[in-house]
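Just the one chain here, laid out as C-alpha coordinates, in the form predicted alone.
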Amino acid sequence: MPYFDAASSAPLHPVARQALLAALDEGWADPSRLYREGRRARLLLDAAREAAAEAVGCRPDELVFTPSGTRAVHDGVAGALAGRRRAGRHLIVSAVEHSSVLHAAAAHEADGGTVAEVPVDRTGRIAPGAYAAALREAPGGVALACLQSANHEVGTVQPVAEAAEECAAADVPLLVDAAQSLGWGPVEGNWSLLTASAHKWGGPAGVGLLAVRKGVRFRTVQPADERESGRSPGFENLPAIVAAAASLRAVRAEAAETAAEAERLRGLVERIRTRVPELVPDVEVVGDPERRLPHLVTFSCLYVDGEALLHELDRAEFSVSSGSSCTSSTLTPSHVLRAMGVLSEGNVRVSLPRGTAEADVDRFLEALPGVVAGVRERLGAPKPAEPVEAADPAPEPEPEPELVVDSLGKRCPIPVIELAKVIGEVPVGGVVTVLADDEAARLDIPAWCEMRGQTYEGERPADRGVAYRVRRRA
(Lines give C-alpha, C1' and ligand atoms only; values in the text may rest on other atoms or scores of the structure.)
Protein backbone atom coordinates (compact mmCIF):
# COMPACT_ATOMS: atom_id res chain seq x y z
CA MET A 1 0.00 0.00 0.00
CA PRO A 2 1.69 3.27 -1.08
CA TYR A 3 2.36 5.55 1.89
CA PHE A 4 2.11 9.19 0.78
CA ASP A 5 2.22 11.00 4.15
CA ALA A 6 5.92 11.46 4.84
CA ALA A 7 5.30 15.05 5.98
CA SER A 8 3.46 13.64 8.99
CA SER A 9 6.04 10.97 9.73
CA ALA A 10 8.63 9.42 7.44
CA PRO A 11 9.24 5.66 7.45
CA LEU A 12 12.04 4.62 9.78
CA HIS A 13 15.40 4.89 8.00
CA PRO A 14 17.34 1.57 7.90
CA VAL A 15 20.30 3.21 9.64
CA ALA A 16 17.97 4.43 12.41
CA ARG A 17 16.71 0.89 12.92
CA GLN A 18 20.24 -0.52 13.14
CA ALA A 19 21.43 2.21 15.51
CA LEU A 20 18.36 1.85 17.71
CA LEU A 21 18.84 -1.88 18.16
CA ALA A 22 22.55 -1.47 18.87
CA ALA A 23 21.97 1.34 21.38
CA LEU A 24 19.39 -0.74 23.26
CA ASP A 25 22.26 -3.07 24.13
CA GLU A 26 25.01 -0.48 24.64
CA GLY A 27 23.23 2.69 25.75
CA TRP A 28 20.84 1.65 28.51
CA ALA A 29 22.87 3.04 31.43
CA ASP A 30 22.78 6.54 32.94
CA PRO A 31 25.20 8.73 30.92
CA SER A 32 25.78 10.94 33.95
CA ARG A 33 27.40 8.09 35.95
CA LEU A 34 31.15 7.46 36.11
CA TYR A 35 31.21 3.67 35.98
CA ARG A 36 31.95 1.74 32.81
CA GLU A 37 28.36 1.42 31.54
CA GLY A 38 27.70 5.09 32.26
CA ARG A 39 30.84 6.20 30.44
CA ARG A 40 29.84 4.06 27.44
CA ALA A 41 26.42 5.70 27.40
CA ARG A 42 28.01 9.15 27.67
CA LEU A 43 30.23 8.45 24.66
CA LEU A 44 27.16 7.49 22.63
CA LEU A 45 25.30 10.64 23.70
CA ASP A 46 28.25 12.91 22.93
CA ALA A 47 28.74 11.32 19.51
CA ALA A 48 25.04 11.74 18.72
CA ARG A 49 25.15 15.40 19.75
CA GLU A 50 28.20 16.08 17.57
CA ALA A 51 26.60 14.40 14.55
CA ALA A 52 23.32 16.29 14.96
CA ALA A 53 25.08 19.61 15.52
CA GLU A 54 27.17 19.15 12.38
CA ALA A 55 24.01 18.51 10.35
CA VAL A 56 22.25 21.53 11.86
CA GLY A 57 25.25 23.80 11.49
CA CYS A 58 25.88 24.72 15.12
CA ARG A 59 28.25 23.85 17.95
CA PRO A 60 27.57 20.66 19.95
CA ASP A 61 27.18 22.68 23.16
CA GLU A 62 24.47 24.78 21.47
CA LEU A 63 22.21 21.78 20.83
CA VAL A 64 20.03 19.76 23.20
CA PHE A 65 17.72 16.82 22.64
CA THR A 66 14.07 17.13 23.65
CA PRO A 67 11.23 14.57 23.92
CA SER A 68 9.63 15.82 20.65
CA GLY A 69 9.76 18.51 18.01
CA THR A 70 6.71 20.17 19.59
CA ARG A 71 8.46 20.28 22.94
CA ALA A 72 11.51 21.80 21.27
CA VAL A 73 9.32 24.57 19.83
CA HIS A 74 7.52 25.25 23.10
CA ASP A 75 10.76 25.30 25.10
CA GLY A 76 12.54 27.40 22.48
CA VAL A 77 9.82 30.04 22.27
CA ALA A 78 9.25 30.20 26.02
CA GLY A 79 12.97 30.28 26.83
CA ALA A 80 13.77 33.04 24.34
CA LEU A 81 10.80 35.15 25.49
CA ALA A 82 11.80 34.72 29.12
CA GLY A 83 15.45 35.50 28.43
CA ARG A 84 14.55 38.71 26.59
CA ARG A 85 11.71 39.88 28.82
CA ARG A 86 13.48 43.18 29.46
CA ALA A 87 13.74 43.82 25.72
CA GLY A 88 9.96 43.60 25.33
CA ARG A 89 6.97 41.27 25.29
CA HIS A 90 6.11 41.29 21.60
CA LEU A 91 6.31 38.12 19.49
CA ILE A 92 6.21 37.97 15.67
CA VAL A 93 5.16 34.84 13.80
CA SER A 94 4.04 34.07 10.26
CA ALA A 95 0.36 33.25 9.70
CA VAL A 96 1.24 29.75 8.45
CA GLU A 97 3.45 28.50 11.27
CA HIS A 98 2.98 24.98 12.63
CA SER A 99 0.32 24.72 15.33
CA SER A 100 3.05 24.18 17.96
CA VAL A 101 4.33 27.71 17.30
CA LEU A 102 0.84 29.19 17.31
CA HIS A 103 0.00 27.40 20.57
CA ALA A 104 3.17 28.83 22.13
CA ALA A 105 2.13 32.27 20.86
CA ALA A 106 -1.35 31.85 22.38
CA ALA A 107 0.23 30.95 25.74
CA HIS A 108 2.37 34.08 25.50
CA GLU A 109 -0.73 36.21 24.88
CA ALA A 110 -2.52 34.59 27.82
CA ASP A 111 0.45 35.61 29.96
CA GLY A 112 0.08 39.25 28.95
CA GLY A 113 2.33 39.38 25.89
CA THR A 114 1.42 40.57 22.42
CA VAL A 115 1.64 38.70 19.11
CA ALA A 116 1.67 39.88 15.49
CA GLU A 117 1.08 37.57 12.52
CA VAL A 118 2.91 38.28 9.26
CA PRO A 119 0.57 37.53 6.32
CA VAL A 120 1.42 35.37 3.31
CA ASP A 121 0.41 35.46 -0.36
CA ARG A 122 -1.70 32.81 -2.11
CA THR A 123 1.35 30.56 -2.44
CA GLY A 124 1.91 30.59 1.33
CA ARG A 125 5.09 32.67 1.20
CA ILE A 126 5.89 35.84 3.14
CA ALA A 127 6.74 38.92 1.12
CA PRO A 128 10.30 40.35 1.00
CA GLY A 129 10.71 42.84 3.81
CA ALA A 130 7.67 41.52 5.67
CA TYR A 131 9.55 40.86 8.89
CA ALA A 132 11.33 44.22 8.72
CA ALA A 133 7.92 45.89 8.41
CA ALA A 134 6.52 43.87 11.32
CA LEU A 135 9.50 44.88 13.46
CA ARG A 136 8.98 48.56 12.62
CA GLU A 137 5.25 48.40 13.35
CA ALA A 138 5.59 46.52 16.65
CA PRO A 139 3.72 48.24 19.51
CA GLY A 140 6.64 47.72 21.89
CA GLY A 141 9.97 45.96 22.21
CA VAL A 142 10.16 42.73 20.20
CA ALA A 143 11.50 39.76 22.14
CA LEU A 144 11.42 37.10 19.42
CA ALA A 145 10.42 36.35 15.83
CA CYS A 146 9.55 32.90 14.44
CA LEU A 147 9.55 31.65 10.86
CA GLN A 148 9.32 28.08 9.56
CA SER A 149 11.85 27.04 6.95
CA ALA A 150 9.18 25.27 4.85
CA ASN A 151 5.45 24.82 5.27
CA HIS A 152 4.18 21.51 6.53
CA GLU A 153 0.89 21.61 4.57
CA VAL A 154 1.70 23.07 1.15
CA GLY A 155 5.50 22.72 0.95
CA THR A 156 6.30 26.38 0.30
CA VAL A 157 9.88 27.29 1.26
CA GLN A 158 10.23 30.55 3.19
CA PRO A 159 13.00 33.17 2.69
CA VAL A 160 14.61 32.42 6.05
CA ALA A 161 18.01 33.97 5.25
CA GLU A 162 16.40 37.31 4.29
CA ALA A 163 14.14 37.31 7.35
CA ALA A 164 17.11 36.48 9.58
CA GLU A 165 19.03 39.47 8.23
CA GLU A 166 16.04 41.74 8.85
CA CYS A 167 15.76 40.46 12.43
CA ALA A 168 19.51 40.74 13.04
CA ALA A 169 19.45 44.36 11.89
CA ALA A 170 16.85 45.03 14.60
CA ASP A 171 18.77 42.96 17.18
CA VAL A 172 15.90 40.46 17.46
CA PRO A 173 16.56 36.69 17.52
CA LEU A 174 14.84 34.51 14.92
CA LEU A 175 13.60 31.02 15.80
CA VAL A 176 13.32 28.70 12.79
CA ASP A 177 11.08 25.63 12.83
CA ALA A 178 13.03 23.35 10.48
CA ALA A 179 10.97 20.20 11.07
CA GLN A 180 10.03 19.72 7.42
CA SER A 181 13.26 20.79 5.76
CA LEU A 182 16.20 19.63 7.89
CA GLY A 183 16.22 16.17 6.35
CA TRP A 184 16.70 17.77 2.91
CA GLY A 185 19.54 20.11 3.87
CA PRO A 186 20.78 22.70 6.40
CA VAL A 187 18.90 25.93 7.02
CA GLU A 188 20.73 28.87 5.51
CA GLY A 189 20.99 32.27 7.14
CA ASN A 190 21.90 33.86 10.42
CA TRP A 191 19.18 32.25 12.54
CA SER A 192 19.36 32.36 16.35
CA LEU A 193 17.34 29.33 17.44
CA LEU A 194 16.32 26.22 15.49
CA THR A 195 14.00 23.31 16.21
CA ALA A 196 13.46 19.99 14.42
CA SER A 197 11.81 16.61 14.84
CA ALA A 198 13.55 13.30 14.15
CA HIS A 199 10.57 11.36 12.80
CA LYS A 200 10.30 13.82 9.89
CA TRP A 201 13.60 12.63 8.37
CA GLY A 202 13.27 8.92 9.21
CA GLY A 203 14.44 8.87 12.80
CA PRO A 204 12.33 7.44 15.62
CA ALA A 205 9.45 9.42 17.12
CA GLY A 206 10.02 11.04 20.50
CA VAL A 207 13.21 12.98 19.70
CA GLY A 208 13.40 16.69 18.98
CA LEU A 209 16.30 19.09 18.52
CA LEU A 210 16.65 22.55 20.02
CA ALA A 211 19.65 24.66 19.02
CA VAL A 212 20.32 28.00 20.73
CA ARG A 213 23.25 30.02 19.40
CA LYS A 214 25.78 31.38 21.82
CA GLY A 215 24.97 34.96 22.72
CA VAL A 216 21.18 34.51 22.52
CA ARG A 217 19.59 35.38 25.83
CA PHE A 218 17.68 32.30 26.98
CA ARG A 219 16.15 31.31 30.31
CA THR A 220 14.52 27.95 30.91
CA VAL A 221 11.06 28.49 32.38
CA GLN A 222 10.47 24.96 33.68
CA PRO A 223 12.20 23.36 36.66
CA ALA A 224 15.68 22.44 35.50
CA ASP A 225 18.02 19.60 36.36
CA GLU A 226 21.55 18.69 35.39
CA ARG A 227 20.66 17.03 32.06
CA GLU A 228 20.80 18.63 28.59
CA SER A 229 22.28 21.88 29.91
CA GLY A 230 19.19 22.27 32.09
CA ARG A 231 17.03 22.95 29.03
CA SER A 232 15.35 19.55 28.70
CA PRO A 233 15.02 17.83 32.07
CA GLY A 234 14.53 14.12 32.49
CA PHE A 235 16.40 10.95 31.65
CA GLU A 236 17.52 10.96 28.02
CA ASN A 237 16.00 8.36 25.68
CA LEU A 238 19.49 7.46 24.56
CA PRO A 239 18.68 4.67 22.07
CA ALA A 240 16.20 6.92 20.24
CA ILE A 241 18.64 9.87 20.31
CA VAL A 242 21.43 7.73 18.86
CA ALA A 243 19.09 6.46 16.14
CA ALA A 244 17.90 9.99 15.34
CA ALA A 245 21.44 11.34 14.97
CA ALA A 246 22.62 8.31 13.01
CA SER A 247 19.78 8.60 10.50
CA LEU A 248 20.33 12.34 10.06
CA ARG A 249 24.04 11.75 9.54
CA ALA A 250 23.25 9.00 7.04
CA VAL A 251 21.00 11.32 5.04
CA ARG A 252 23.75 13.93 4.90
CA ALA A 253 26.48 11.39 4.11
CA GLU A 254 24.46 10.35 1.07
CA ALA A 255 24.47 13.97 -0.11
CA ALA A 256 24.92 13.24 -3.81
CA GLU A 257 22.38 10.43 -3.74
CA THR A 258 19.98 12.56 -1.69
CA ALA A 259 20.24 15.37 -4.21
CA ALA A 260 19.47 12.96 -7.04
CA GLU A 261 16.56 11.50 -5.08
CA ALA A 262 15.24 14.97 -4.32
CA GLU A 263 15.20 15.79 -8.02
CA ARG A 264 13.50 12.49 -8.82
CA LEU A 265 10.78 13.16 -6.23
CA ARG A 266 10.46 16.73 -7.47
CA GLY A 267 9.73 15.33 -10.92
CA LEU A 268 7.05 12.99 -9.52
CA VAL A 269 5.47 15.85 -7.61
CA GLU A 270 5.52 18.02 -10.73
CA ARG A 271 3.69 15.24 -12.55
CA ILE A 272 0.98 15.28 -9.86
CA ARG A 273 0.78 19.09 -9.95
CA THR A 274 0.33 19.03 -13.73
CA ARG A 275 -1.86 15.97 -14.21
CA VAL A 276 -4.38 16.34 -11.37
CA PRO A 277 -6.04 19.49 -12.84
CA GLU A 278 -6.11 17.77 -16.23
CA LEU A 279 -7.70 14.60 -14.87
CA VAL A 280 -10.07 16.05 -12.25
CA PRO A 281 -12.33 19.05 -13.00
CA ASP A 282 -12.59 21.94 -10.54
CA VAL A 283 -9.30 21.43 -8.70
CA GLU A 284 -6.97 24.06 -7.24
CA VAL A 285 -3.30 23.12 -6.75
CA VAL A 286 -1.90 25.22 -3.91
CA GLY A 287 1.56 26.22 -2.73
CA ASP A 288 4.50 27.81 -4.51
CA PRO A 289 5.13 25.98 -7.82
CA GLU A 290 8.89 26.57 -7.70
CA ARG A 291 10.11 27.43 -4.19
CA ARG A 292 8.86 24.30 -2.46
CA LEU A 293 9.95 21.08 -0.80
CA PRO A 294 10.77 18.41 -3.38
CA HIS A 295 8.40 15.75 -2.08
CA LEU A 296 5.16 17.54 -1.22
CA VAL A 297 2.11 18.70 -3.21
CA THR A 298 -1.33 19.83 -2.05
CA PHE A 299 -4.54 20.30 -4.01
CA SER A 300 -8.21 20.96 -3.19
CA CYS A 301 -11.27 19.61 -5.00
CA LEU A 302 -14.55 21.51 -5.27
CA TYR A 303 -17.74 19.77 -4.09
CA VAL A 304 -15.88 17.13 -2.11
CA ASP A 305 -16.02 16.15 1.56
CA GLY A 306 -12.40 15.83 2.65
CA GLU A 307 -13.03 13.04 5.12
CA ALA A 308 -14.96 10.96 2.58
CA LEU A 309 -12.20 11.54 0.02
CA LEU A 310 -9.47 10.35 2.38
CA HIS A 311 -11.50 7.25 3.30
CA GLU A 312 -12.03 6.39 -0.35
CA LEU A 313 -8.34 6.87 -1.15
CA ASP A 314 -7.52 4.63 1.78
CA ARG A 315 -9.85 1.98 0.31
CA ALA A 316 -7.91 2.37 -2.92
CA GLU A 317 -4.75 1.71 -0.84
CA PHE A 318 -3.28 5.22 -0.77
CA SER A 319 -2.33 6.88 2.53
CA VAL A 320 -2.63 10.68 2.25
CA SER A 321 -3.60 13.51 4.60
CA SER A 322 -5.76 16.63 4.41
CA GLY A 323 -6.22 20.17 5.76
CA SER A 324 -9.97 20.22 5.15
CA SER A 325 -12.23 21.14 8.05
CA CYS A 326 -14.26 17.98 7.34
CA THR A 327 -11.28 15.88 8.47
CA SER A 328 -10.45 17.79 11.66
CA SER A 329 -11.85 17.53 15.16
CA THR A 330 -12.26 21.32 15.32
CA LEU A 331 -14.42 21.46 12.14
CA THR A 332 -12.55 24.60 11.08
CA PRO A 333 -10.43 24.89 7.94
CA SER A 334 -6.67 24.63 8.16
CA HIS A 335 -5.21 27.91 9.38
CA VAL A 336 -2.61 27.59 6.60
CA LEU A 337 -5.20 27.38 3.80
CA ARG A 338 -7.21 30.15 5.46
CA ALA A 339 -4.18 32.47 5.61
CA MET A 340 -3.46 31.77 1.93
CA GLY A 341 -7.07 32.43 0.95
CA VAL A 342 -7.37 29.25 -1.10
CA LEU A 343 -10.01 26.54 -1.37
CA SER A 344 -10.10 24.24 1.66
CA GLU A 345 -12.77 21.66 0.81
CA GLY A 346 -11.63 18.34 -0.59
CA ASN A 347 -8.04 19.11 0.37
CA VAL A 348 -5.40 16.41 -0.22
CA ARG A 349 -1.74 16.56 0.79
CA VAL A 350 0.57 14.08 -0.92
CA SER A 351 4.08 13.85 0.58
CA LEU A 352 6.28 11.19 -0.95
CA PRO A 353 8.87 9.33 1.15
CA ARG A 354 12.29 8.63 -0.30
CA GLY A 355 12.21 5.65 -2.62
CA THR A 356 8.62 6.16 -3.80
CA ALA A 357 8.09 4.17 -6.99
CA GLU A 358 7.03 5.97 -10.15
CA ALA A 359 4.45 3.25 -10.76
CA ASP A 360 2.75 4.07 -7.44
CA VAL A 361 2.36 7.70 -8.46
CA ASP A 362 0.92 6.64 -11.82
CA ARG A 363 -1.53 4.34 -10.08
CA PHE A 364 -2.58 7.19 -7.76
CA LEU A 365 -3.27 9.41 -10.78
CA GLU A 366 -5.31 6.62 -12.37
CA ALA A 367 -7.41 6.09 -9.24
CA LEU A 368 -7.99 9.72 -8.22
CA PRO A 369 -10.51 10.81 -10.91
CA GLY A 370 -12.88 7.94 -10.16
CA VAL A 371 -12.59 8.44 -6.40
CA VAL A 372 -13.37 12.16 -6.64
CA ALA A 373 -16.23 11.58 -9.07
CA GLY A 374 -17.73 8.97 -6.74
CA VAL A 375 -17.64 11.28 -3.71
CA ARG A 376 -19.14 14.14 -5.72
CA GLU A 377 -21.95 11.93 -6.99
CA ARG A 378 -22.89 10.79 -3.48
CA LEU A 379 -22.99 14.43 -2.32
CA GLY A 380 -25.19 15.46 -5.23
CA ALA A 381 -22.64 17.85 -6.70
CA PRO A 382 -23.36 19.42 -10.11
CA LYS A 383 -21.85 17.65 -13.07
CA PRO A 384 -18.62 19.38 -14.18
CA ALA A 385 -19.70 19.26 -17.82
CA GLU A 386 -23.00 21.02 -17.18
CA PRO A 387 -22.83 24.49 -18.77
CA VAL A 388 -24.15 27.48 -16.88
CA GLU A 389 -26.71 29.12 -19.15
CA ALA A 390 -25.91 32.74 -19.79
CA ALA A 391 -28.81 35.19 -19.79
CA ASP A 392 -29.11 38.67 -21.19
CA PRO A 393 -28.65 41.44 -18.61
CA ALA A 394 -31.91 42.60 -17.06
CA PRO A 395 -33.22 46.00 -18.18
CA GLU A 396 -32.04 48.87 -16.01
CA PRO A 397 -35.45 49.75 -14.42
CA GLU A 398 -36.11 46.21 -13.14
CA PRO A 399 -35.18 45.38 -9.51
CA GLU A 400 -32.11 43.26 -8.84
CA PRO A 401 -33.00 39.53 -8.86
CA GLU A 402 -31.94 37.71 -5.70
CA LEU A 403 -32.14 34.10 -4.57
CA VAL A 404 -31.56 32.94 -1.00
CA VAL A 405 -30.08 29.51 -0.27
CA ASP A 406 -30.53 28.22 3.28
CA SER A 407 -27.50 26.02 4.11
CA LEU A 408 -27.66 26.50 7.88
CA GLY A 409 -26.61 23.41 9.78
CA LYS A 410 -24.87 21.89 6.75
CA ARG A 411 -21.15 21.15 6.66
CA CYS A 412 -18.67 21.62 3.87
CA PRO A 413 -18.93 21.20 0.95
CA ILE A 414 -22.76 21.24 0.91
CA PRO A 415 -23.15 25.08 1.02
CA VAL A 416 -20.91 25.42 -2.06
CA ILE A 417 -22.69 22.58 -3.86
CA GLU A 418 -26.07 24.23 -3.26
CA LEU A 419 -24.69 27.56 -4.49
CA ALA A 420 -23.36 25.92 -7.67
CA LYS A 421 -26.73 24.28 -8.34
CA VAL A 422 -28.77 27.51 -8.23
CA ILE A 423 -26.39 30.13 -9.69
CA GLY A 424 -27.92 29.54 -13.14
CA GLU A 425 -31.42 30.31 -11.83
CA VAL A 426 -30.68 34.03 -11.55
CA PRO A 427 -29.92 36.16 -14.61
CA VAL A 428 -26.51 37.64 -15.21
CA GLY A 429 -26.20 40.45 -12.68
CA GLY A 430 -28.46 38.66 -10.20
CA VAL A 431 -27.39 37.73 -6.68
CA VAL A 432 -27.42 34.47 -4.73
CA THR A 433 -27.20 34.81 -0.96
CA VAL A 434 -26.02 31.72 0.89
CA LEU A 435 -26.90 31.40 4.57
CA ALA A 436 -24.33 29.17 6.30
CA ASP A 437 -22.95 28.59 9.78
CA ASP A 438 -20.01 26.39 8.75
CA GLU A 439 -16.72 28.23 9.25
CA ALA A 440 -15.34 26.69 6.05
CA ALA A 441 -17.89 28.61 3.97
CA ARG A 442 -16.03 31.84 4.71
CA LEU A 443 -13.08 30.48 2.78
CA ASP A 444 -14.68 28.16 0.25
CA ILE A 445 -17.40 30.43 -1.18
CA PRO A 446 -14.93 33.19 -2.20
CA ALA A 447 -12.58 30.51 -3.57
CA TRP A 448 -15.45 29.00 -5.59
CA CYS A 449 -16.27 32.43 -7.02
CA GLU A 450 -12.68 32.92 -8.17
CA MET A 451 -12.54 29.47 -9.74
CA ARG A 452 -15.94 29.81 -11.47
CA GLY A 453 -15.68 33.43 -12.62
CA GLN A 454 -18.38 34.81 -10.34
CA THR A 455 -18.23 37.91 -8.13
CA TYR A 456 -18.02 37.53 -4.37
CA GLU A 457 -19.54 40.60 -2.73
CA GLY A 458 -18.76 39.84 0.88
CA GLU A 459 -20.64 38.71 3.95
CA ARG A 460 -22.94 40.12 6.58
CA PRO A 461 -24.29 38.77 9.87
CA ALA A 462 -27.60 36.90 9.68
CA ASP A 463 -30.10 35.84 12.30
CA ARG A 464 -28.21 32.55 12.44
CA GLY A 465 -24.83 32.16 10.82
CA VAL A 466 -23.58 34.41 8.04
CA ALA A 467 -25.06 35.59 4.73
CA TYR A 468 -22.60 35.34 1.80
CA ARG A 469 -23.48 37.32 -1.36
CA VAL A 470 -22.47 36.09 -4.81
CA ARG A 471 -23.27 38.01 -8.01
CA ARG A 472 -23.57 36.06 -11.24
CA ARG A 473 -21.20 37.29 -13.95
CA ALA A 474 -21.46 34.42 -16.43
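Keep in mind the model is a prediction, meaning the values are calculated, not measured. Sequential numbering from 1, following the sequence displayed.
What follows is about the form predicted together with a further copy of the same chain, which we do not show.
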query: Contact assignment for a further copy of the same chain in the predicted complex, among 54, 418, 30, 439, heavy atom within 4.5 Å; finding: 30
query: Any non-hydrogen atom of residue 70 within 4.5 angstroms of a further copy of the same chain in the predicted complex; finding: yes
query: Residue 107: touches a further copy of the same chain in the predicted complex, heavy atom cutoff 4.5 angstroms; finding: yes
query: Non-hydrogen atom contact residue 452 with a further copy of the same chain in the predicted complex at 4.5 angstroms; finding: no
query: a further copy of the same chain contact in the predicted complex: residue 233, any heavy atom under 4.5 Å; finding: yes
query: Candidate spot 90, 139 and 217, all three touching a further copy of the same chain in the predicted complex (heavy atom, 4.5 Å); finding: no
query: Candidate stretches 141-149, 128-136, 166-174, 205-213 - the one whose heavy atoms come within 4.5 Å of a further copy of the same chain in the predicted complex; finding: 205-213
query: Heavy atom contacts to a further copy of the same chain in the predicted complex at 4.5 Å, residues of 25-43 in sequence order; finding: 25, 28, 29, 30, 33, 34, 35, 36, 37, 39
